[in-house]
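Given next, in structure tokens, is a single chain: the form predicted alone.
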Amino acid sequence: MKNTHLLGGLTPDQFLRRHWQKKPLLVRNAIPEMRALLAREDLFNLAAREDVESRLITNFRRQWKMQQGPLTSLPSITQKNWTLLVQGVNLHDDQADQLLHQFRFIPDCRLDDLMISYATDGGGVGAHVDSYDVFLLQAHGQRRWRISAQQDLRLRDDLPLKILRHFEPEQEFILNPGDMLYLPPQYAHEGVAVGECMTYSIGFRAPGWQELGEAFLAFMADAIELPGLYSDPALQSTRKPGAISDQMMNAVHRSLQKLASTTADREIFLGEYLSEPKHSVSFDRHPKPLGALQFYKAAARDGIRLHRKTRMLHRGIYIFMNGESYSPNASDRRILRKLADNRAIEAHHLAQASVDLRESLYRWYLDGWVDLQARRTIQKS
């Protein structure tokens, strides 16, 4: 699905050098003949599901309200000023997943998901900023965007939404189907539907350092080993029983120094952390799976692909998949890196797979993490 229009004639390197986290980019006709990938009814059905993150935002009678999903009841499509946001549509629809993959010139560890915003006339979420980069692709109807590089990012404290207290737009665009607007983090913007519309937001992960730090400490807590107990056979009597002695402080200091992390610790943590699916993601095991021998024969004939929900990364000697880490041999590692980079692998690449890798592939197949290439059909879950 290579698209030379996507970045307005810029190569990915040119875009990253000139615009990424620096300044906006408006691309007219980024995806020619763009049409909504999901019908309105299909999107509404997704919003009603327990395993899908969705929000309803209304601004009726100038009062902002937000309701978290699942959303089994929505306002009439003839009523103005409401918006439905559905996150992670790429996890549930192959066409949305394929669209998201057009942006894989950004590493998968940064690429997050495709959100669909459905809005009736006048619908929006107010003037705001995002903490991450975003591509705003118009899929159906029109949306008016106003943007600003303003430094005043204070928020109103009387609303359930993060809406800017003051918004002074500097530029204004109306996007038609196929048009796309890129915005770097912390760039003020406001989108308002002109009639009924759908906008696809391609968002990126930007974990906070505090979040990473807390997750790393939890990771290390499961890995540390400090055997033995504190002891002080040379303990002497004291006239200050309330004081902590230098002897005890030094002993604790020496022990805690052993907690220093290694490069391997940090690599394994980051790979497992970044490949961990979101809490709402679940995998369906095959109801009638092939036997191991049948699977190996089919894979040797057709190749395999990752399920659209699977997150797979690699770093050095490690392979990461859905929050788990592996350290295969060099030959298997080459095969798995190719699978991570291409999200599919042809049959001839599997010829050199070890017995261990073939067993892993079959286990992942049973768990719904990978599938056979021949089963690649456009489907919804």
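Numbers follow the displayed sequence, beginning with 1. Nothing here was measured: the structure is a model prediction, and the numbers come from that model.
Separately, the form predicted in complex with succinic acid (SIN) exists; it is not shown, and the next lines address it.
Just one listed stretch, out of 111-119, 150-158, 90-98, 285-293, contacts succinic acid (SIN) in the predicted bound form at the 4.5 Å heavy atom level, and that stretch is 111-119.
Put simply, His128 is close to succinic acid (SIN) in the predicted bound form: some heavy atom of it is within 4.5 Å. Although the partner is absent here, Trp82 sits far enough away that none of its heavy atoms falls within 4.5 Å of succinic acid (SIN) in the predicted bound form. With a 4.5 Å cutoff on heavy atoms, Ser201 counts as touching succinic acid (SIN) in the predicted bound form.
Under a 4.5 angstroms non-hydrogen atom cutoff, succinic acid (SIN) in the predicted bound form has Trp145 among its neighbouring residues. In terms of contact with succinic acid (SIN) in the predicted bound form, the residue from Leu164, Leu270, Leu136, Ala299 that brings a heavy atom within 4.5 Å is Leu136.
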